[in-house]
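Below you will find one chain, with nothing else, as structure tokens; this is the form predicted alone, and questions on how it binds or moves follow later.
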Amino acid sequence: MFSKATEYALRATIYIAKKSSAEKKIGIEEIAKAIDSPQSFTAKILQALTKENKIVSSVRGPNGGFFLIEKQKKLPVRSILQAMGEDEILEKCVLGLKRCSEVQPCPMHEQYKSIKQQLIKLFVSKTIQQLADDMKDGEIFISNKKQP
């Protein structure tokens, strides 16, 4: 549904929310390993998420790393999509048609309309913290690696 970059952005943000605090910052190497993403690609994604400290905060230096403040943890998951430039995916026609509407529907419009509304509601109502809280060790995963 989303690009690889956005998938990794979602995973990284959830991981950082779960494992970090203003006192305990997480390094790029740990984040990349936890979400099963190449380190250089993860760095590029985190750069987008830390722009103006909107989604993720960061501190440079030997005691630096990434973390989320309480305000960021309360953001809706959709804010991650917006930071990655992919929030319009939730609004688009499932077939990718530009002119699909109630007046000029695509063949899947009626069936997909309620699903689309549910997706939008999910991404707007769920917070980053709620997803982090839902992550239970050994039960809910954010990596494709085989779990021990």
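Since we're looking at a predicted model, the values are computed, not measured. In this text, residue numbers run from 1 along the sequence as written.
In what follows, reference is made to the form predicted in complex with the DNA, a form of this protein that is not presented.
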**Asked** Which residue, 81, 32, 26, 90, has a heavy atom that falls within 4.5 Å of the DNA in the model of the complex?
**Response** 26
**Prompt:** Quick one: which of 49 to 57, 106 to 114, 119 to 127, 93 to 101 gets within 4.5 Å of the DNA in the model of the complex, going by heavy atoms?
**Reply:** 49 to 57
**Complete:** Contacts from 24 to 42 to the DNA in the model of the complex (any heavy atom within 4.5 Å), listed N to C, are 26, 27, 28, 38, 39, 40, 41
